[in-house]
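Let's start with one chain on its own, the form predicted on its own, as structure tokens.
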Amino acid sequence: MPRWVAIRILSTIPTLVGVAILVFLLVRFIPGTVVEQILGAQFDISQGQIDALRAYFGLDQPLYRQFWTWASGILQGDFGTSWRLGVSVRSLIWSRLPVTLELAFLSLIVALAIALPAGIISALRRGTAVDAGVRAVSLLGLSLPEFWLGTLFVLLSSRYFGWSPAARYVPFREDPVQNLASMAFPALTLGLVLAANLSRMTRSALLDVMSRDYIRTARAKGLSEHRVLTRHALRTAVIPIMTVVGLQVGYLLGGVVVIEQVFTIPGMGRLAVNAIQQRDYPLVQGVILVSALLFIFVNLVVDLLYAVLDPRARVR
């Protein structure tokens, strides 16, 4: 087991290296640089001043040298300094990361609270009107983009309930009630979209397990349907569900970017969007790299839990 864990951890290193190279190149393919963003529409700037600005930000260096300067700093725990804010990238990420993690966690709680009961009921009532209704709603949820659903929530709540997104984010430790109130609609928006996929996966996994021989044997022994479901079927069905939950973390991190813009939540998503608009390369690279690291970490934890629940998944 320890050897298998070490192999899984080491296998994440090439992924992180690939992500670092990819994000470094992609942000430089965006038209315009931070120099053009700073100068704007000024026409009295000489070419010498433009060259001086490019040299100040290191943009006059070859790409491989720019990458090495950034990557060597990352290896030492230094993500660089934001070009537009003049603040450490690490401190900016650290200040916004708890907000995004809270939103992702609450969204996942909402998704599981909706998807698991819906998927179980749909599987147990297979072929009935309840099953058809759950599947139809799930399909609808998969078809709705989160930004549209979030905008709809804002419009409906402001029109009929007099609620609008908070102008200032309040951390949980300062005012838990106001914090959760401001997170309710964003978490519900992401949770509903995520629940659509999870409910279908729950239904599929449970139907597959319920058709196996050991379930029929448990029923033949006279066990109640409730005990067959809770003691035998769900324990096996939770494995593929857990795998899908881990994969959906990537969707959550992507959906958070849009939802934070819609609901004016000061998390990693808004930080990344503003950095991209301002061509703040160190900040963009830092945010995306940390997001990739979180995604890899969550999936590593899921793999370890999978191996605990199903020893056949271990590699010796």
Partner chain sequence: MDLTHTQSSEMSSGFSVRPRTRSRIARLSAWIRRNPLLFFGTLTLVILVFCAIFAPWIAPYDPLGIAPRDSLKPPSRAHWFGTDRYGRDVFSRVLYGSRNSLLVATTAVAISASVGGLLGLASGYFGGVLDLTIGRIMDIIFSFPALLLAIAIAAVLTPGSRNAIIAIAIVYIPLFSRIVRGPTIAEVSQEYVEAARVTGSGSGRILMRHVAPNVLSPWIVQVSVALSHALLLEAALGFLGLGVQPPAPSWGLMLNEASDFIDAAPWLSIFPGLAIVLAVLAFNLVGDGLRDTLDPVL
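Each form is matched to the other, and the largest set of C-alpha atoms that superpose within 1.5 Å is called the rigid core. Quick caveat, the model's predicted, so the values are computed rather than measured. Positions refer to the first chain, counted from 1.
Unshown form predicted together with its partner chain; subsequent notes refer to it.
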In the predicted complex, which of the listed residues (Leu142, Leu180, Ile239, Leu223) lies with a heavy atom within 4.5 Å of its partner chain?
Leu142
Give a yes or no for Leu155: in the predicted complex, does one of its heavy atoms lie within 4.5 Å of a heavy atom belonging to its partner chain?
yes
Could you tell me if Phe29 has a non-hydrogen atom within 4.5 Å of its partner chain in the predicted complex?
yes
Would Tyr306 sit within 4.5 Å of its partner chain in the predicted complex, counting heavy atoms only?
no
Decide whether Thr151 counts as a contact residue for its partner chain in the predicted complex under a heavy atom distance cut-off of 4.5 Å.
yes
Does each of Tyr56, Gln76 and Ile93 have at least one heavy atom within 4.5 Å of its partner chain in the predicted complex?
no
If we check its partner chain in the predicted complex, which of the residues in 266-302 reach within 4.5 angstroms of it by a non-hydrogen atom?
Val273, Ile276, Gln277, Arg279, Tyr281, Ile288, Ser291, Ala292, Phe295, Ile296
Large Cα move at Leu293 between the shown form and the other one, threshold 2 Å, rigid core:
no
